[in-house]
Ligand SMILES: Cc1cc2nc3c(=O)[nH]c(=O)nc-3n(C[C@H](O)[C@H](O)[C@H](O)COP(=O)(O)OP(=O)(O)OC[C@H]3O[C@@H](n4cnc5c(N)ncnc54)[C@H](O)[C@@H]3O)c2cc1C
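Encoded as structure tokens, the following chain is the form predicted on its own, with no partner shown.
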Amino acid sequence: MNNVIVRDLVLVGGGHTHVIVLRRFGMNPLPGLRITVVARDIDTPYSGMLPGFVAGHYSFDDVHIDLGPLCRFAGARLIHDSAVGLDLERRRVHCANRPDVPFDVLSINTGSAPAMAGTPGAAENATPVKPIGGFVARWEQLVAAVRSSASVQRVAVVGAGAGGIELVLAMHHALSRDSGHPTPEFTVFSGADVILPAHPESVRRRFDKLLEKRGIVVERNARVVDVQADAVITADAERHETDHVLWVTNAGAPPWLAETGLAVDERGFLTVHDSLESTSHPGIFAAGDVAHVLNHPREKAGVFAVRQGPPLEANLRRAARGEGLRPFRPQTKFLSLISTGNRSAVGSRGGSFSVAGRWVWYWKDRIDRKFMRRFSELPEMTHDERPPRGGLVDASTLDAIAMTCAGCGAKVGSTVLTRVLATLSIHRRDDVLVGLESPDDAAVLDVPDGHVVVQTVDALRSLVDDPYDFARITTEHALGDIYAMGAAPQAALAIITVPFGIESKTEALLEQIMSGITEVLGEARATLVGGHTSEGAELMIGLSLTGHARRDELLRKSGMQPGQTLILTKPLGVGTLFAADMRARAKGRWIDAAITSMLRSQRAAPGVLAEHGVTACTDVTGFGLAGHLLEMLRASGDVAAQIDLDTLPVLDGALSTISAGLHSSLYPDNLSARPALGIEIPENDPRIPLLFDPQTAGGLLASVPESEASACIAELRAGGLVDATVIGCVVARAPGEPRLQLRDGGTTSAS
């Protein structure tokens, strides 16, 4: 029972400091400590390489740290959401789109926000560089706007610190190389009489000459006081016409921090001791741009955030153990390397001395790439089964859990369940005569006249680390069977096994799970009427669902007819992606997109399909598209299916992972359907193995008249199933012909 959870460490933000913390915990885990990362961005940008990305020297993956594999390496749960507040009394993080996340120890490293609030029109008419995580999309939009215009575009950069100067030079380099479009006119607005005010005079002189040489105008003592749709206004009332405004001024604090009750400075940044712990609340830490170290104030620069990583990790570990914290003294001098856009850079380290040239850029490039490899080339860790010394699980905790009874004694206590149920918002239905609000031994449901009862049961082991998302995925997965029958869900019984643990952690886990279940059921207009909750070795969620439908409107797997079109409502690839994720070989954004797909509700699909003459339907889950299609073909008689490989909807990354031989454990069993289908698996086409990839919360596969297909697809997409696609058709099958024919670029074959 080395995985017993005693304390929760929550890291809010995936900034430079936190990625180092995660790597260090991955190298040396602390048994009994559960780490949860709440991050707005799955791909966290490295600020030192962002100008190189803008200039075109680096790819997206070159300059981003993938939190997915890093969190898996660290044994941390990754929650893709934004923190919007704190409940300091109950020690919970408020999130934008999910239930609160409880913590015992908390660290905040969200980075800074643009300081735009005091400038009229800035928020509406300027493009902020920070938060950096969203800048990539904003930069691509700016490039598209510049290239789509026949006239010379005027670009204003507000802020003449290192960030603004690097950015304007990178943009100039990127946009001046495009011979098909005129180079924009760039203007930098500095509120001071110099650029780069925090850097040595020799550095400023170099960049003054460089900006002049490249035709970039610098407006000095030009504090911007108003941003209009087509101009910026400076404090001296001068109007400067512009087409695009980028905001790169001094950093501001995320607004929600000031409302938390934590101590902040006059600019809203969290004040911390030398230990990086909050000056007002023990057990809460902050680092990077969002923190102000009282005794050692420093400018907001990535180099300081990186240096705070090791001492923060050490003090988080000490706080989890209840030990005293140790102070950290940041460096007074640091190496500054500022790129000039064209694979050249200027370097300095305090004082008045500086160096410049292409060799400085390659020096910077080498340092940056070495830093990034620490997070992209994670070591293979084989941790001993025995917990390292200093873990949080003591003998008394293990003894108490070891004495947990089996049978009915393994049930979660009624007090815990009562508290959890009291927090839920459960959809109510008039046809549920006895439900959760009653103390009876079973639920009682009414069945409308002329309807039949449709029942199903599904259970899943934990697929994702976030229990809330796992509960929602499981519920959508179970609802798929009801929707595939053309029925409406009515009620559900939940069967949940939670890992052994102390009462407070079990309660918090159940609250997350039950919130996820009831949320999805409520969206489906179904209700939770009861269930059973027990403790066991690992997390498992099951649902028994009851629905109803008119007898003559039931959908079955039989009923496919020659000439019909085959529609699939969700993309393929869940199995291979999560198999890759278990091996830390899937990008975090791939997994995030797969979770988004699994969570897409199919509640509207049965009605849409019925309106367009559907005659057969199933949901694509564990047996894969090929296996479930085979069931439909066998049940429908002398028919075969032609699948157009070019139109198959596929999750991002799935073809890469399946080409790498990363398959779900169920994949070999699914291949047993090949002889009955009459196809082979060629080595050079990953789309065909994808037909046998097991899906979780997969789409509906339905046959509709060809004349209805286009309208049906349009309505399905309008209802939220944005990947709904025509994947083939149903044809007559003569005896001995294969049941499945594959079409590729207009060519049809059986293999």
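Given the structure is predicted, the values throughout are model-derived calculations rather than measurements. When you see a residue number, it is the position in the sequence shown, counting from 1.
Another form, the form predicted together with the named molecule, is not on view; read the next lines as being about it.
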Triplet Thr44, Gly48 and Asn109 all within 4.5 Å of the named molecule in the model of the complex via a heavy atom = yes
Go through 460 to 468, 436 to 444, 647 to 655, 81 to 89 and give me the stretch that gets within 4.5 Å of the named molecule in the model of the complex, heavy atoms only.
-> 81 to 89
Would Ile713 show up as a contact with the named molecule in the model of the complex if we use heavy atoms at 4.5 Å?
-> no
Ala724: heavy atom within 4.5 Å of the named molecule in the model of the complex?
-> no
May I ask you to check whether Leu22 falls inside a 4.5 Å heavy atom distance of the named molecule in the model of the complex?
-> no
Using the partner position in the model of the complex, report whether Leu30 sits within 4.5 Å of the named molecule, counting heavy atoms only.
-> no
Answer key: of Ala345, Val129, Met514, Met632, within 4.5 Å of the named molecule in the model of the complex (heavy atoms) is Val129
